[in-house]
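Only one chain is shown below, in structure tokens, and it's the form predicted alone.
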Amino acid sequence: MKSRYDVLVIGGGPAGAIAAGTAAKAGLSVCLVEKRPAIGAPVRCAEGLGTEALAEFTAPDPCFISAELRGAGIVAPDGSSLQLNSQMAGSKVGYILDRKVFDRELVWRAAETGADVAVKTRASAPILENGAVKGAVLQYCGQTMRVEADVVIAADGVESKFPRWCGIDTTVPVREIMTCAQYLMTDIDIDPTLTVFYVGNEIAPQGYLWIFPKGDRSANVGVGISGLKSGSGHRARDYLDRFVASKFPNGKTIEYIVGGVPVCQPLACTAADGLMIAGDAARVVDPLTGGGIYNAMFTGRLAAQTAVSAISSGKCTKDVLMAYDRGWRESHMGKTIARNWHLKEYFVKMTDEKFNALISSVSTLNLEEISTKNLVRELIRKNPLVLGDLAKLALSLR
């Protein structure tokens, strides 16, 4: 690791890896630092990603694909279910990744492109000059060193601290933190091509429970609930344990992870002098689904592209780097986040009775593409009375 680079990337997840690889491929000197001793571990993710989302960045590789998906199911509080199938018969609609391998593969590619990589390296403070970010102080293998950079890309995840040290408010309201618990289970009876979501205030208050297949008899089984609903005796793991005892009493748990997912609106601004914020650190997780892999890669790539342009111009001030902030907000991804936040605010207030009425009224939907937008649009079209309030949001789905 050198004392100066064009770009310093903090965080080795999908946002940081794509940012580092994109910048290095453009000819910039790049260093990526990751505070953990190994890329990709521990996994704090349900690991789902759509086929088109993955294809935008890389071809699917058996080394990091755990399951290929062909549909999804939603189960109401009363047990009635809705099956979602693609009209393109037999087509894949998504994948369940092996994030331990996937993240490592992305970082390896960044390294092969020319980026330096340092693990177990923690950014402990920004280097500031007249308020502008000029690099970071790093704790590296027991030593402290200063690494200067024209641009720093903060991709340090949900628990992001670096932007806050730079004076940016990264606070997430408690009501908009989804507290999650997940088991990797084996020896369970599942459909290995189908993701299943359970909704309802008894099973996952202001959230949902999921089964994401990882093979013929293995799956990520997890639950996310509102931070406001978490407390002694009714934490995420309590809901998960009750479900597992009922649904998979003979299943075997081989991994247990916990974490928080921000389902709030993105940061008010994701650029400053010498700094851009990407991925979960920028709070660009989908507020409705909690999915963040694609959004992380999208913002990581855009941040790197903006850095390339700014460094080439010799000016890395906020007014120049704001092209990144405007870019992702005006993109399809940014508009989806804005729309889905409003949808999330509606669904977290929905009663179990409304969930039951909605799902029992439609047993199967064939969609050209399985997406939140298409799902909500079809539900409104088929049952406008049940979703009278939500229909007011229909204009935002056009």
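All values derive from a computational prediction rather than experimental measurement. Residue numbers here begin at 1 and follow the sequence given.
Not on display, but discussed next: the form predicted in complex with a small molecule.
Of the candidate stretches 76 to 84, 289 to 297, 304 to 312, 109 to 117, only 289 to 297 contains residues with a heavy atom within 4.5 Å of the small molecule in the model of the complex. The partner is absent here, but in the model of the complex a heavy atom of 36, alone among 354, 36, 329, 339, sits within 4.5 Å of the small molecule. Residue-level contacts in the model of the complex: of 135, 200, 259, 94, one residue has a heavy atom within 4.5 Å of the small molecule, and it is 259. Proximity of residue 153 to the small molecule in the model of the complex falls outside the 4.5 Å heavy atom cutoff. Of the heavy atoms in residue 229, none are within 4.5 Å of the small molecule in the model of the complex. Although the partner is absent from this view, residue 251 stays clear of the small molecule in the model of the complex, with no non-hydrogen atom inside 4.5 angstroms. When the small molecule is considered in the model of the complex, residue 10 lines it closely, a heavy atom lying within 4.5 Å.
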